[in-house]
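Only one chain is given next, in C-alpha cells, and it is the form predicted on its own.
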C-alpha cells in the first residue's frame, strides 16, 4: 500500500492515470456503437487520417502547440470521413474499399509530412513522431479538462438521442424508412469518434487508437445482449484498461503506457471470447458436448423402447451388443452410467448370459416417449 501511495504521490502519474481512465471510458462508450454498426475499420481510418492533421497543425502554429495540433487532427479526420461518404455515394465502391483507400492515402500523406518536418530539424518537430504510438508522460492537466469535456459531450449526445442511435445501430434501413435523419445521426457519432481519437493521440497514438475504440466494445458484446449494459460495460472495461496500463507502465521502467493499455484491453477481449456465458468458446464447447451426450442418450432410450415393443415386454432386458447393432455403433459406457444415475434405466442380470443388460424404468419409458419426434410417438 505504501508503494502505491508513493506512486500516486507523483503529479505525472496521477495525470496519466486519470487521462488513461478518461480516454478508455470515452473510447469504450463510443466504440460500442462503431462495433454494432460494423464500422470498426472507420475508427482505424479516422485515427490514421489524423496524422497529416497533426503535421499541418504544427506547420501552421510553428511549434508543438497542442491546441493547433488537435484542431488539425480533427480537421483531417473529418475530411477523411467526408471523403469516405462521397466515395460510397458517388461510386460503386463498397464501404470497406472506401475505408481502405482513405486510410492508406491519408496515412501516407501524414508520413510524408512527418518525414519532411523531421528533416527540417528542431526538437519540437522531432517530438511529433510520438504521435504515432503516443507519449503518455507528455499529458498535461489541461489535457484532462479537454478529455473530460469531450466525454461529457459524448455522454450528453448519447443520452439525448439514445433511441435514435439505438435504432440506427441495429437497423439503419428501418430508421431511414421511418423518416429518421440517419445521415445526421451517423455523422454525429462519427464526429464524436473523431473527437475521441483526437484526444487520445497524445496517450495512445494514431496506430493503436483503433484498438482502444474496438477492444472494450468487442469484449462487452460477449457478455450482454442489451445496448445500455453493453455501452456501460464497454466504458468500464476501457477505463480499467487505461488505469491498469498506466499503473503497469509507471512501475516498470521502459514500458510505454499506450501499448500496455491496448494489451490489457485485448486481454479482456480474449477472456470474454473464452469465458462469457452463452457466447464464450468454452461455454459453447460445453453446450455442444452436452447436446451430443443428450442425443446419444436419446438414441439409447429410443432403441431400448423399440426392442421392448418388438418383444411386447416393457421390461425387456437389452443387451449391449444388441443395442450396438440397433444403433449402428457401440454406445460409450458412460452413457449407460449416466442414464442409470438419472433413474431412466437399470442394470439387470439375464442368465445364462453374462454380458451387461439393461431395462427401461417407467421414467425411462416416459422419457423415451417425450423425446421422440411427434411423427414417431405412439398415438
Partner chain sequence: MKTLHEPDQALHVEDLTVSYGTAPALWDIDLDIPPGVMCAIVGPNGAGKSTLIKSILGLVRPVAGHVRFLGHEIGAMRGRIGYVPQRHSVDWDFPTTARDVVEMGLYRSLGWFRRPGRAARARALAALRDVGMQDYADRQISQLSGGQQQRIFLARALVQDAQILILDEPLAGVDASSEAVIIALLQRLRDEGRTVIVVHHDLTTVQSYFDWLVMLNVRIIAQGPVAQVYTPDNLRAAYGRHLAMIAVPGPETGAHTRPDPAPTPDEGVA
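Positions refer to the first chain, counted from 1. Since the model is a prediction, treat every value here as computed from it, not as a measurement.
Omitted from view is the form predicted together with the partner chain, to which the following refers.
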{"query": "Contact segment among 195-203, 174-182, 298-306, 71-79, judged by heavy atoms lying within 4.5 Å of the partner chain in the predicted complex", "finding": "174-182"}
{"query": "Selected contact from 167, 191, 240, 233, since only one has a non-hydrogen atom within 4.5 angstroms of the partner chain in the predicted complex", "finding": "167"}
{"query": "Answer option from 252, 159, 119, 291, heavy atom within 4.5 Å of the partner chain in the predicted complex", "finding": "159"}
{"query": "Contact test in the predicted complex: residue 279 vs the partner chain, heavy atoms, 4.5 Å", "finding": "yes"}
{"query": "Residue 36: touches the partner chain in the predicted complex, heavy atom cutoff 4.5 angstroms", "finding": "yes"}
{"query": "Residue contact check: residue 152 to the partner chain in the predicted complex, 4.5 Å heavy atom", "finding": "no"}
{"query": "Exercise: residue 227 in contact with the partner chain in the predicted complex, heavy atom 4.5 Å", "finding": "yes"}
